[in-house]
Ligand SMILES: Nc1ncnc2c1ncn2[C@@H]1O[C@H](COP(=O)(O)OP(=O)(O)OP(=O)(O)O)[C@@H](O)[C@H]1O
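One chain follows as structure tokens, the form predicted on its own.
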Amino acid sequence: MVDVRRGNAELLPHQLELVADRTSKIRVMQGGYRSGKTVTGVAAVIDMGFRSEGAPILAIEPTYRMVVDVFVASAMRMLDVWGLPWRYHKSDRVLTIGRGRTFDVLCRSADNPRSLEGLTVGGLLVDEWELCEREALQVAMARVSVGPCQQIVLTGTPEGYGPCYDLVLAAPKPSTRVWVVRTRANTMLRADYVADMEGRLDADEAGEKLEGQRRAKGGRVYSRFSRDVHGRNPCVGVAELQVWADFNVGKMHWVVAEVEPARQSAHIVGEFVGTNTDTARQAEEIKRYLAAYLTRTRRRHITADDVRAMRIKVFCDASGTQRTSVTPLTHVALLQQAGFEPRHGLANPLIDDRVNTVQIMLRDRRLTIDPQGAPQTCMMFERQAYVNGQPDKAGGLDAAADAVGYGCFWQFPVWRQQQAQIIPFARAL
């Protein structure tokens, strides 16, 4: 094994840390511009190559031009710095490294996922992996199947929440490790590089491209949300238990919250998501969900009938008072039949007013969430973006956003002056 820390390696601490990790199956370096991601990938390829006992290593860039201009060019430069002999076979796109004891690096692009099939390799690097098609990434990762190394390295600037992110990081396995690296971590950059880039990028762009922090494309709707700031451990069950509900035909997202009205604060403790269901069935299911939650937090056995007797408040969509073709009963009437106490305004708030209310509660840290208890709601805070100036409704996150918005606005409204005539709180009859 070649120790890249010797000689003139000039690797930064975060680069050395990733290369030295021998146990993680998938290593991800998520970094800002010029934070040293590609050089890290080259060093990892060399290390994996000498550990793979003759098995080739696969190195992928999103396009053929990037293979030549980014990976191969960087590899040639760094191999010369490290004093390692190399030969590049241009026609075959194979980089052979070493003298005597050598290994091959298969340099490929993700343009054509089919071209990756049939390869058998001992390690994988995908540079700018989030710019690749999901199919290409899946095929490439499946190629790693021989030798003692069998590690995967993914490097690149974060690109929002796309299909590749969903494949690798939406629900990461314990064997996946992530490094988040700021551009400033590269001490070899000129002193004014970051300042120059900050003048060209807006706040969300700078967060991704300089800080390495993932942002929703188009700008996040709930930009004040941070999992580190607003993520909290499960509640111990001392506040008023409520449900915040959005009515939909295909997907009903109901949020469970512990609310302290005197402090105008709320902690989201859970969620119940129903697909292809109806309000009556959803209400019965969430009663069982609440019974289990209350049994766990109140430390005494509570049944669905006990939940019914509690007359728990459900803050919901004002359109729930309208009849549908499915049933002569309204959503609100069905909630009342199930033993809940529906609450809503006479008309739904403007989207801007609802968003502003949630944003201000986040700003003041009066709205927190248990990420384990309500993972899809937490995902909504992190991912919902603006599309054409409005919160995106095509990404499947709007149901959670609507439910949270109703729960917050009907109780702690923030609105523009001209909307003061809206009655924010009305008990359903």
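Residue indices: 1-based, along the sequence shown. This one's a predicted model, so the numbers in the text were calculated from it and none came from an experiment.
As for the form predicted together with this ligand, it is not shown, yet the points below apply to it.
Only one of 370-378, 399-407, 35-43, 385-393 gets a heavy atom within 4.5 Å of this ligand in the predicted bound form; which is it? This holds for exactly one stretch, 35-43.
With the partner left out here, check for me: in the predicted bound form, does some heavy atom of residue 150 sit within 4.5 Å of this ligand? So residue 150 does not count as contacting this ligand.
Is residue 11 close enough to touch this ligand in the predicted bound form, meaning at least one heavy atom pair within 4.5 Å? Within the cut-off, so yes.
With a 4.5 Å heavy atom cut-off, would you call residue 317 a contact of this ligand in the predicted bound form? Because no heavy atom of residue 317 falls inside 4.5 Å of this ligand in the predicted bound form, the answer is no.
Is residue 77 close enough to this ligand in the predicted bound form to count, meaning some heavy atom within 4.5 Å? Yes, residue 77 is a contact residue.
Counting only non-hydrogen atoms and a 4.5 Å threshold, tell me whether 128, 186 and 189 all contact this ligand in the predicted bound form. Judged in the predicted bound form, 128, 186 and 189 all sit within 4.5 Å of this ligand.
Classify the change in Cα distance between residue 172 and residue 365 in the predicted bound form as closer or farther, relative to the shown form (magnitude of 3 Å or more). Note: Cα gap between residue 172 and residue 365 widens in the predicted bound form.
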